[in-house]
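The chain below stands alone and is given in structure tokens; this is the form predicted on its own.
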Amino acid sequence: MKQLGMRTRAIHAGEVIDKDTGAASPNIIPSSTFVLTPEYVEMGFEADAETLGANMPYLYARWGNPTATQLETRIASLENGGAALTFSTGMAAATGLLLHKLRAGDHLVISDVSYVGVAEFVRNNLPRMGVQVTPVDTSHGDEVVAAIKPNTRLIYVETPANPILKLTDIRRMADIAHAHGAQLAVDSTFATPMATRPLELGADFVVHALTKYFCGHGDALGGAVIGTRDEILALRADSGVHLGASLSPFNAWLIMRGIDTLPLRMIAHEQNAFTVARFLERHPVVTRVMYPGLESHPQHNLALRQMANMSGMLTFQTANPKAMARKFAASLEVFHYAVSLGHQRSLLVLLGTDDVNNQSFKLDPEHLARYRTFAGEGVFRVSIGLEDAEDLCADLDRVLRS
């Protein structure tokens, strides 16, 4: 598959033609248990997933499922990874990786701005387990180096960062991590492999919330971690088996259906996002727009180096954002005023700076000041969908001018 293009892999990687019916679409296999082969009976139950690797037969759906396997093969191919492991949600993928790689006495360096669930987990849960956590601004490499300790095992970054679209130089983070005997994990949900493939830039793990762009239709939860074959086998034997966050085969099928069109959708998301971002930059009511594809983004040059597609996520600011949010919630006709992202329909929601900081980030004064340089008193996080861009601009303009 590595010799084939991304569009081809998005459709055919992991594809299994049903040998009995010839069905071209992937089967949904909902069985929770599987009939054991005589060979496995001979080996006994002590033959676990990590030992058997690719030769592990299907035993019980928590260990693995044929529908999920097809999805995992496709995701790994798109990220040019050795293997992938799917989870029930993106949050489960992130926590599954963190709990697998970190032990009491270990140290984690993590982006000070990341998905709020991850930010809350590493602040509230990991320290109770004896793991030290240092949040840093990973867009400043020197700050990351200064934070590293002899017991640092993992650096975890998110780029573009949710919600402010701040970027981190993945290649530099990989060099820093490996020079200090640590590993690098990258949450690349906003980017997708159509924009950035972190493993090619030196990362050890990629994390995705499959709920977002991979699924693309807002109708299935899922998450994935991608890495080398050996690392993912170990992750499956640990977090995959013991955390109980296995992906439903129905959701795996829905997400595979979405991946078929991922390359084409990301082109359309980017085209629409450019149109809306440029429109908002000229709008008299909008005070600032943040989109990596715009020259006005403070890390635009890094975006050009690291992102082949600028994705469909942007933010903008207005005066009196809470009053404007009420207008949007009451009057938008094409956009949905809702959380989440990466769907075929456009979504918009206000994320107030004090709200997300007090609840999730808990930034110190210096880092909060840096956050405000991107977010002001709050940003409208916008996930641009696949509608006509002119209709999206008109919908925003009507409310902004009301």
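These numbers were taken from a predicted model, which means no experiment stands behind them. All residue numbers refer to positions in the sequence shown, first residue = 1.
One more form of this protein exists, namely the form predicted together with a small molecule; it is left out here, but the text below deals with it.
*Asks:* If contact means a heavy atom within 4.5 Å, which one of 266-274, 204-212, 175-183, 236-244 is the stretch that engages the small molecule in the model of the complex?
*Replies:* Going through the listed ranges, the match is 204-212.
*Asks:* Please tell me whether any heavy atom belonging to L341 falls inside 4.5 Å of a heavy atom of the small molecule, as the geometry stands in the model of the complex.
*Replies:* The answer is yes: L341 has a heavy atom within 4.5 Å of the small molecule.
*Asks:* Is there a heavy atom of Q306 lying 4.5 Å or less from a heavy atom of the small molecule in the model of the complex?
*Replies:* Heavy-atom contact with the small molecule at 4.5 Å: absent for Q306.
*Asks:* With a 4.5 Å heavy atom cut-off, would you call F279 a contact of the small molecule in the model of the complex?
*Replies:* No - in the model of the complex, heavy atoms of F279 and the small molecule never come within 4.5 Å of each other.
*Asks:* Is there any non-hydrogen atom of N162 lying within 4.5 Å of the small molecule in the model of the complex?
*Replies:* Yes, N162 sits close enough to the small molecule in the model of the complex that at least one of its heavy atoms falls within 4.5 Å.
*Asks:* Look at the candidate spot formed by T89, Y115 and G222 and say whether the small molecule comes within 4.5 Å of a heavy atom in all three of them in the model of the complex.
*Replies:* Each of the three qualifies.
*Asks:* Give me the residue from T189, T196, T138, S311 that has a heavy atom within 4.5 Å of the small molecule in the model of the complex.
*Replies:* That would be T189.
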